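This document starts with one chain, in the form predicted on its own, laid out as structure tokens.
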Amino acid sequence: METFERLESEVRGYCRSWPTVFDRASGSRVYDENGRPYLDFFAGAGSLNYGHNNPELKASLVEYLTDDRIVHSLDAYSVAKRDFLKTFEEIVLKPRGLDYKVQFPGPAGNNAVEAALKLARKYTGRETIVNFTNGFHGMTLGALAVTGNSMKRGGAGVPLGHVATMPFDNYMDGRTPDFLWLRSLLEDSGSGLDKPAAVIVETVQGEGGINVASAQWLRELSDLCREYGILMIVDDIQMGCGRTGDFFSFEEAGITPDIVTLSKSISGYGLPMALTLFKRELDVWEPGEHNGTFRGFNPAMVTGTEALRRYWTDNSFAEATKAKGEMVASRLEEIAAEHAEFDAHVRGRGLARGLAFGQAGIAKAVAAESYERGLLIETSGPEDEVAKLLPPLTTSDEDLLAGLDIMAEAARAATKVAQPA
């Protein structure tokens, strides 16, 4: 690994938890250069919902490339873009009654968030964005301003303003009514809170600790936004594209956000792609007002189109994901019960799940012990208190149970050397 240590920046992170050199991948497994297999319950941080090198998606990509079709097009029209837009409309938007315009803001999730924030401010003429405790929305300055993690915010080097942070669902003491603080500030002309342009929220906070907002909480937030003329942005970058079961994670709540951000698994193959969706009346952009060189990565549109056709023409894939999620949750509950003295408990929805511990350091130890046993997971939460699972949605029941058995062994090893607080 001398090459990486000599040449690559110290900012690298995941490789420190997984000190090997990966080479190949297929389905739910990756292999290092020595051929050792690892079950992947990380899935590119949610970018590989359909697994590594999904054969159907790969076939469409290889055919496209070998036919010398256009790869780079900025925002020029292309056949691949037309196919994606028509397929997205027919398979995703129309069945859900969503009349969204589609913006290709750039290749990554933070591009989608930056576009959403800019558009909300442009449309309303206001500056303040309401974000929520433990939220994560990206590492560029606008997205970082609405992110809660103090370590990541500290890397900005400049003040991160024009935001107001409010408590996420279940953040308070359990007795304070939801939105009491936000509503009080909005009602009081002396509160110092400028009328916000928008709120930005994740339905399940992935990086923040697999914190799940209830459907009722999301509905009340939507109602509050509508009451005060505030736009509602749902960041569905990690939890969209079926991660919680339904294509959009907000479907369970029965709400229609004004703006939605998508990335990660929207290409289906791990290729960079992002979308900002918004209600038709919000499309007040001037031509070229928000642009970028890599908005038109056609190979990602090709695999994204194929993923929609393969997995989303009916409800079977969503229902299978929900069933797998319940199976994973049940097994995690058994593991948590073994470690009740460490306040082990389960969080999540669909196939976004977490095994949380009330004592610092245990979740990180579980992740490290899992790696040694051939399972890739990460941690999340402000204190890395959650061992986080994001397996590909196509993972078989057998592989899910095999990975959970590894986690059970890892948890026993991690707690064996720890003392209950």
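These figures come from a predicted structure and were not determined experimentally. In this text, residue numbers run from 1 along the sequence as written.
Unshown form predicted in complex with a further copy of the same chain; subsequent notes refer to it.
Peer 1: Of A323, A215, M172, A337, which residue is found within 4.5 angstroms of a further copy of the same chain in the predicted complex when only non-hydrogen atoms are counted?
Peer 2: Selected option: M172.
Peer 1: Between G350, G240, G270, G304, only one gets a heavy atom within 4.5 angstroms of a further copy of the same chain in the predicted complex; which residue is that?
Peer 2: Partner contact (heavy atom, 4.5 Å) among the options: G270.
Peer 1: Using a 4.5 angstroms cut-off on non-hydrogen atoms, would W181 count as touching a further copy of the same chain in the predicted complex?
Peer 2: Contact check for W181: yes, within 4.5 Å of a further copy of the same chain in the predicted complex.
Peer 1: Considering only heavy atoms, tell me if V346 and a further copy of the same chain come within 4.5 Å of each other in the predicted complex.
Peer 2: Result no; V346 lies far from a further copy of the same chain in the predicted complex.
Peer 1: Is it the case that R310, even though its partner is missing from this view, gets within 4.5 Å of a further copy of the same chain in the predicted complex, heavy atoms only?
Peer 2: No, no contact at 4.5 Å.
Peer 1: How about Q103: is it within 4.5 Å of a further copy of the same chain in the predicted complex, going by heavy atoms?
Peer 2: Yes, Q103 is a contact residue.
Peer 1: Heavy atoms within 4.5 Å of a further copy of the same chain in the predicted complex: which stretch among 324-332, 226-234, 241-249, 103-111?
Peer 2: Looking at the partner contacts, the answer comes out as 103-111.
Peer 1: Out of 67-85, which residues reach within 4.5 Å of a further copy of the same chain in the predicted complex, heavy atoms considered?
Peer 2: The stretch 67-85, when checked against a further copy of the same chain in the predicted complex, contributes D67, D68, R69, I70, V71, H72, L74, D75, A76, Y77, S78, V79, K81, R82, L85 at the 4.5 Å heavy-atom cut-off.
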